[in-house]
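Okay, here we've got a single chain as structure tokens, the form predicted alone, with questions on binding and movement later.
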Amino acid sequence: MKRSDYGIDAPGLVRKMFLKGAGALLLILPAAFGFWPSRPWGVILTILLLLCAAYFLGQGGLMLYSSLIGKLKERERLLDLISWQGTERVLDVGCGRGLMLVGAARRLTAGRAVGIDLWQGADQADNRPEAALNNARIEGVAKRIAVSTADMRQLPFSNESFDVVISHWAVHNLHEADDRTRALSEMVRVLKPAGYVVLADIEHHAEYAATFKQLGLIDIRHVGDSPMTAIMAAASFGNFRPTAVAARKMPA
């Protein structure tokens, strides 16, 4: 039986982590043949290289765990933040291989989920529309989803056309703050009154919350902190903290 495959996030970075860790271990080999400097410098160099190897291999391992296991658990926790009726129209911004898109579609009965992306392979391994559609077929929701190519800074949808807007680890790929603000403004524009937005990412959470407040959203809160989040944040010196900001649009 086929299983859905939501890919490795940032595959190039994961590869670099493992290569750097393996490189540090290889550099220790000269010690076995007596080529290291005499004590204490040889011992110090060996310890430093072991620490480097442990750090890079550990980072790579955490990223793999997050891609293969952690994000599936996170998906359900994030979707549980929404009071589903089953008839919602959902937009997944930066849907990739369909992690959140398919998860949302599984909670729909008469609703529909739409995913948009620019399909960049650097963000996710084998990132393409066909991968999202295939995962939807495997999980039995193909009739409830659609995908298209679009830029989150200029969404091709009319105002107030979605009940729910979700995004998972996508907005941080916009490196300029002005671009991120445009993307969030577009999410709010297409969101219906009283609609939900759940924006999960690895950084910029305070910025997102402040932008949503400026755009008039209510019930803004940070969600998703866990022991694993703390471990990832500590291991990356604060550069990788996968949490989310949830909010609602003011009712009409």
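In this text, all values refer to a predicted model and were calculated from it rather than measured experimentally. For every residue, the number given is its place in the sequence shown, counted from 1.
The discussion below concerns the form predicted in complex with a small molecule, not included here.
Heavy atoms within 4.5 Å of the small molecule in the predicted complex map, among the stretches 134-142, 168-176, 102-110, 79-87, onto 168-176 alone. In the predicted complex, none of the heavy atoms of R182 sits within 4.5 Å of a heavy atom of the small molecule. In the predicted complex, the small molecule sits beyond 4.5 Å of every heavy atom of G115.
Contact between M152 and the small molecule in the predicted complex is found at the 4.5 Å heavy atom cutoff. The small molecule in the predicted complex is not approached by S161, whose heavy atoms all lie more than 4.5 angstroms from it. Taken together, the three residues T211, Q214 and R248 all stay farther than 4.5 Å from the small molecule in the predicted complex, as judged by their closest heavy atom.
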